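Take a look at this one chain, the form predicted alone, written out in structure tokens.
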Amino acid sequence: MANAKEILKKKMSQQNYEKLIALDNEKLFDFVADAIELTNPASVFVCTDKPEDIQYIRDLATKNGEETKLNIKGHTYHFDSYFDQARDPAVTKYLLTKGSKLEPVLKHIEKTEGLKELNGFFKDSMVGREMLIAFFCLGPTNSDFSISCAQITDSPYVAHSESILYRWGYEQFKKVGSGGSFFRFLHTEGELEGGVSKNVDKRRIYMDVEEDIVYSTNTQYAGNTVGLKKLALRLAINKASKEDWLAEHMFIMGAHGPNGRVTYFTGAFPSACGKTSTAMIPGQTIVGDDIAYLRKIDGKIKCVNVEKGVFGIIRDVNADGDPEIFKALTNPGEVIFSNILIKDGKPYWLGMEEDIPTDGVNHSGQWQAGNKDAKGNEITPSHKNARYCLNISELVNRDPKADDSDGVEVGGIIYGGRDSDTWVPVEQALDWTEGIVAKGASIESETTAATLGKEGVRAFNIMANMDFLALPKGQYIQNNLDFANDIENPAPIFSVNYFLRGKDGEYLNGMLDKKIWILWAELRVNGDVDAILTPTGWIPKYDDLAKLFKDSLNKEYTQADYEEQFMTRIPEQLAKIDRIEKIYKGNADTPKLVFETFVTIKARLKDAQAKYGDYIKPSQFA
């Protein structure tokens, strides 16, 4: 845009204009000028990394009523519209040009049509409001992993949330240079009513992976508006595919082994399968709980936490189950609660294991026990998807390398699902290929009666990343397979399963047992323990687990429990492979190696079945 600077000068104060111009990026100037012309804000504020600018955002969020202060210093709460409480996949689409190779496999809208629709929503949407321009960095700053981002929004709540979740990136942005690439985000909460987005029926979240830009309108819920999170993950997956690295829906944790040794694991789990609880295992340390970038550096796989904060589901967070998080939520520090119950300046949520008041204020307005909505549904004290937003630095178990610009070396990769009858509690894949194909690309998560009213439905979720793919599944698998090609000793890959049930329907393991599976994997990665070879991978020996249970949980672990939990269930294993194969046979781009790997594993399973029967105890393989 030839006159971008003239538009900026006209709408911005001299101070804010100088802040922006100092970044010396014509693409950025055009982006901002276009947004100003389209949304027509009353004023524009450019946020740098300076404390006074950051404080301005915080103060504006409470000044305009998007956040309200609580009794504990630094704590605020925010409400979204009653109908704006979660990600909206129906209106979350890719903007694709006709003929794009992504077009047949991703939910999309033709780009010209989508931009026309968006422009209608964005037109004059910031009249009377202040436009906020903030800069963040995905990954640590001054790093091979760094991706610079420019966010434009009229919501200080969104900008404040991002300031907790992401590293500030104004100074980092200066390194982009006049021709460098960066991610762009444009958001408006739209017309407000009672301080929340009014026209949620016009909510739109569109992503242009060809231009690295995300648009979001008529919504405040962070999952739809904090563009640097799952929306940016889609941009990053596409970018990584072109540049030979990986952007994954993974936690990063430090598992603490003997003699002060720390081994770092990444892990991908679908929702409600134990991802956050694994990242927060007592006695271990957390680098990140949600998104990781993986790169090959000096012949090793290294990774970083894309974020520096946690946007977590608060339901069932309590002093017993999540002591580190609960401590942060009940002590002074910067925390934003969303869609919880408020009574006398104190937040309450489902599962906090404290008495919850029978009245107060929540996302529905004035609330009291027994309230129902227009459809007759019970309005719970806090929403089931209520959230907290805090900086990982508030957690006592934060790993010292959480912000290391070099990243941490990946010692092992873990994939987990919700599986009542097939996978054993922990197993190491025979090699990288089998780990990617038979573990990561074969994740299933069973629904529960509490969530969908029908228990045991298996939802396929490739690498726990199904909802965020910006590539055809076949290409995504191939990228993962190829990633280890030039790594001499790629990280071992493990599967875990915390939801195995016995014949009586009861779970075979307790909630804390996951600590043992991770500590065994840590020993295995470092060659400290042997394992038993089965048709699907390496499983622990009983004596090693019994020692870990005793030393780490002060719990007796019986041979009978071990034999039941680590039994190879041949019919269920074969049925699972058949289900997954059927899915991939429906994708023309599935790599041939996927099917070859399944054939190999099925042959081993059938050989074992012929020799030992349908259900094989570990001792029979030993």
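Don't overthink the numbering: it's just position in the shown sequence, from 1. All values derive from a computational prediction rather than experimental measurement.
There is another form of this protein, the form predicted together with sulfopyruvate, and it is not shown here; the text below is about that form.
> Decide if the three candidate residues Lys230, Asp290 and Arg387 all line sulfopyruvate in the predicted complex, where lining means a heavy atom within 4.5 Å.
Yes: Lys230, Asp290 and Arg387 each sit within 4.5 Å of sulfopyruvate in the predicted complex.
> Pick from Thr447, Ser364, Ser271, Thr97: which residue has any heavy atom within 4.5 angstroms of sulfopyruvate in the predicted complex?
Looking at Thr447, Ser364, Ser271, Thr97 one by one, just Ser271 meets the 4.5 Å heavy-atom criterion.
> Just to be sure I understand the contacts: of Phe337, Tyr415, Tyr221, Trp517, which is the one whose heavy atoms reach within 4.5 angstroms of sulfopyruvate in the predicted complex?
Selected residue: Tyr221.
> Please name which of the stretches 329-337, 222-230, 117-125, 186-194 has residues with heavy atoms lying within 4.5 Å of sulfopyruvate in the predicted complex.
Residues of 222-230 come within 4.5 Å of the partner.
> Hey, in the predicted complex, does His249 get a heavy atom within 4.5 angstroms of sulfopyruvate?
Yes, His249 sits close enough to sulfopyruvate in the predicted complex that at least one of its heavy atoms falls within 4.5 Å.
> Report whether the minimum heavy atom distance between Phe311 and sulfopyruvate in the predicted complex is within 4.5 Å.
Taking the distances in the predicted complex, the answer for Phe311 is yes, it comes within 4.5 Å of sulfopyruvate.
> Within 4.5 Å, heavy atoms only: does Arg87 come near sulfopyruvate in the predicted complex?
Within the cut-off, so yes.
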